[in-house]
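Just one chain follows, in the form predicted alone, and it is written as structure tokens.
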């Protein structure tokens, strides 16, 4: 499948089958993801793939943190809030998501419950945390973004769905504790993945894209 077709076929998946990925397929995907480009070839990503007991332990810790009223304390700067056009696009994305599952805008409780699903990995059998040394800051974040895009396309090529989740970087302490990560390692964001449940309404969510002339300028 061409890169163009992969990009057109890929959507964010938020409902998954309870189905394992063959070990060889999984290892090959992450092996090829190592080919991702990075600034000065520093390859800053330290990737943590969770499933089984480690994933269940993380779910429990996330739920405990949320139920106790814990506040997000991300390792990296998540403070900027979207403004103007970017804010409009954010609202458009949320509207598309909640409309697909029949949640009204005024139903705040249902929206909160849908948000909580992030920390349950949408019941995906696998999740990945994109981590790096904290001192790398924005340059490392750029490289991790490139890696994540590469990984998502490799997964799509194998018929495996995924969902990028900034939410998985908001509560780094449970991740650091359960995965025994050093204090100088930061959790930037995460991604749930597995085989998509094709019958789930939430997987019908569609978002639009800005026109080419509004996003790209050609200078001769």
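Positions refer to the first chain, counted from 1. Being a predicted model, the structure only gives us computed values, none of them experimental.
The same protein has a further form, the form predicted in complex with a small molecule, not shown here; the description that follows concerns it.
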- If you check in the predicted complex, is residue 19 within 4.5 Å of the small molecule, heavy atoms only? no
- Message: Does any part of residue 166 reach within 4.5 Å of the small molecule in the predicted complex? Heavy atoms only, please.
- Response: yes
- Query: Would residue 76 count as touching the small molecule in the predicted complex under a 4.5 Å heavy atom rule?
  - Reply: no
- Message: Taking the small molecule as it sits in the predicted complex, is residue 122 in contact with it (heavy atom to heavy atom, 4.5 Å or less)?
- Response: yes
- Task: Report the residue, out of 171, 195, 189, 45, that has at least one non-hydrogen atom within 4.5 angstroms of the small molecule in the predicted complex.
- Result: 189
